[in-house]
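Take a look at this single chain, the form predicted alone, given in structure tokens.
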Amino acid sequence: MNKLVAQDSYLTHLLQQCEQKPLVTDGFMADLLPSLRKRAAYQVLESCIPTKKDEEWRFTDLSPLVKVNFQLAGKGNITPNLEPLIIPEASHSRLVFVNGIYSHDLSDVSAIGSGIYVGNLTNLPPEHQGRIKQYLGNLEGTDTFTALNTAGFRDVAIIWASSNTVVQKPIHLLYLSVGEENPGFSQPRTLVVAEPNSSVQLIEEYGEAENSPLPYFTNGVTEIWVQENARVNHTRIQRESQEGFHIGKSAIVQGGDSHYTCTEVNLGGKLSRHNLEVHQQGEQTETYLNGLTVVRGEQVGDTHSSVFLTKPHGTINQLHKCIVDDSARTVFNGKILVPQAAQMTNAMQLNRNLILSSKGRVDTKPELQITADDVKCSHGATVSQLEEDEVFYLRSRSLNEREARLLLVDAFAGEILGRIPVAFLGSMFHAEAQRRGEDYDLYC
């Protein structure tokens, strides 16, 4: 059996499990879901696992994923301890999904006011049921893993803000992986609709609920619709276990005068990839993308982003930083497309990378594709080690060499961590960075 057939068989194996164990199958979705799933399943069957021969995957090897015989995860055999995972600012505006399945007992939305629905697909209010087909599955794109999610998601986390609704407190979506007898895979799904003049603050978090030696695979998809003059502040946290595989897709559509900010922090996963896709479909649209990836050991952290501008006076500002230690590796590929119709665009993209060991590796490829002639655009990338003159300056202020280097690493990460809008998370990640720093190589 040649390699291509084996990869197709692997996808078929995952797809068959999804088809055998659906959760959301009836009710008001009985007409929409079958056709949606069938279309996506056909795409999966026509695809194969991406290899390094594919341009979009040439820096990321998925063979470690394919070697594992994953089984579709159930509800798990333990009740997760949420105490260390609760965010004080969102303690009563929290949805919890275990292995992609909604947990009513662990969720708490008692602080959610009127004008917004926060819950799962099964309990979607009647006023939204007839309109969901406009949004669910309409932003996913054409990649294989997103199609696999659509063909087999078992529930959907939904945040739906009605027009003129301003939500002050952040909403925490917590996706936990819980081990079972075999390596498991789950497919979380998120849908966010911010209607005109609304404002929502979202925290989307992925992690493991227990320390399990078994590998697992999280394949998540998030669709966000930011309509005219609406605002969505999106914080995305990925801290899977060191044996976990994580592939995520975030697809965003923005209407005119809308504002979308994504601040992502990637810490975990044996292999992780986030595909971020933004479509600016209105004039005077603002997009701000902030990212931090920290990898060590043998980790691989991959970030791919694409921003499509279609109207005049669009703004996109992207800063993604990576910290690489040991034999780890990061990949950044950012694309900003500015066609002729997107005049007066202001676009800036920068990828900065800090390597802390002699074996770390960075692959970076920022891209600007511009056909408009009245724009202000720039892009760039840097790959560096700690500056010895900066280390010397700090040592002259009574710090030892390791303390000086750790302070510089903390400052490098702090530029992104300081942009997290939830104070508790910012403080928590600063503490995490300091704890991780104890193990950094730092060329000392």
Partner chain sequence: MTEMILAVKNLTASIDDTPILKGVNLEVKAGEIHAIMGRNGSGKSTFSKVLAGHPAYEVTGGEVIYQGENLLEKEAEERAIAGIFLAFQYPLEIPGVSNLDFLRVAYNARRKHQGLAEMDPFDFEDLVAEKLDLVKMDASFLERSVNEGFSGGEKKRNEILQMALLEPTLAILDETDSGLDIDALKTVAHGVNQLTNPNNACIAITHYQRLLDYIIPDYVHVMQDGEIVTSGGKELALELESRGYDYFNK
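The shown structure was predicted, so the numbers you read here are calculated from the model rather than taken from an experiment. Positions refer to the first chain, counted from 1.
Omitted here: the form predicted in complex with its partner chain. The next part is about that form.
_Within 4.5 Å, heavy atoms only: does R395 come near its partner chain in the predicted complex?_
Yes.
*With the cut-off set at 4.5 Å between non-hydrogen atoms, does S378 touch its partner chain in the predicted complex?*
S378: no, not in contact with its partner chain in the predicted complex.
*Interface membership of L407, its partner chain in the predicted complex, 4.5 Å heavy atom rule*: Yes, L407 is a contact residue.
*So in the predicted complex, does L45 come within 4.5 Å of its partner chain, heavy atom to heavy atom?*
The answer is no: L45 has no heavy atom within 4.5 Å of its partner chain.
*Among 29 to 37, 56 to 64, 378 to 386, 398 to 406, which stretch sits within 4.5 Å of its partner chain in the predicted complex, heavy atoms only?*
Careful reading of the contacts points to 398 to 406.
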